[in-house]
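Given as structure tokens, the chain that follows is alone and in the form predicted alone.
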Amino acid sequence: MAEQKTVLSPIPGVFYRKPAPDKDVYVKEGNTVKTGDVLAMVEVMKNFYEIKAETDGVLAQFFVEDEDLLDAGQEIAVIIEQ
């Protein structure tokens, strides 16, 4: 049975699924991801921090929407490990 890995926000800030308003999202639900792939960004005081996959698998679901405010440790997404 496949394991689930929850992706957590490392810091509080504003969540973004794409690098710029006119760009596509980094990854869509159902996409395969590899360790180190960028899943999203968190903005804190005009500084942007990448949220990267910590395991190989399929991004099953995002729990937050674009531009949501995040707390440190908040669940962002879940990856089904492969």
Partner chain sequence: MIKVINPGLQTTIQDYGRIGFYEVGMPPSGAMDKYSYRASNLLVGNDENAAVLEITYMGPVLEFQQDVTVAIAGGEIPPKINDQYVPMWETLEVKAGDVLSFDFVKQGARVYLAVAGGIEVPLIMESRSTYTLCGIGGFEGRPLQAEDHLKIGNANQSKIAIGTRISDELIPVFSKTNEIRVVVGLCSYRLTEESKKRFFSIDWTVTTEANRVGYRFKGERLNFVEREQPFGAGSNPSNVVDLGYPIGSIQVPDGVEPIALLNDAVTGGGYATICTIISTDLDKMAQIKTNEKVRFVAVDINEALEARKLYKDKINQMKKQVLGQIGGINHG
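Fair warning: this is a prediction, and the values are worked out from it, not measured in the lab. Residue numbers count along the first chain shown, from 1.
Beyond the structure shown, there is the form predicted together with the partner chain, which is absent from this document and is the topic of what follows.
- Query: At the 4.5 Å heavy atom threshold, is Val78 in contact with the partner chain in the predicted bound form?
  - Reply: No, Val78 stays farther than 4.5 Å from the partner chain in the predicted bound form.
- Message: Quick check on Asn47: any heavy atom within 4.5 Å of the partner chain in the predicted bound form?
- Response: Looking in the predicted bound form, residue contacts with the partner chain include Asn47, since a heavy atom lies within 4.5 Å.
- Message: Within 4.5 Å, heavy atoms only: does Asp37 come near the partner chain in the predicted bound form?
- Response: Although the partner chain is absent here, Asp37 would stay clear of it in the predicted bound form, with no heavy atoms inside 4.5 Å.
- Message: Taking the partner chain as it sits in the predicted bound form, is Asp71 near enough to touch it, meaning that at least one heavy atom pair lies within 4.5 angstroms?
- Response: Asp71 belongs to the contact set for the partner chain.
- Within 4.5 Å of the partner chain in the predicted bound form, which residues of 5-37 have a heavy atom? Give them in sequence order, or say none. Residues within 4.5 Å: Leu8, Ser9, Pro10, Ile11, Pro12, Gly13, Val14.
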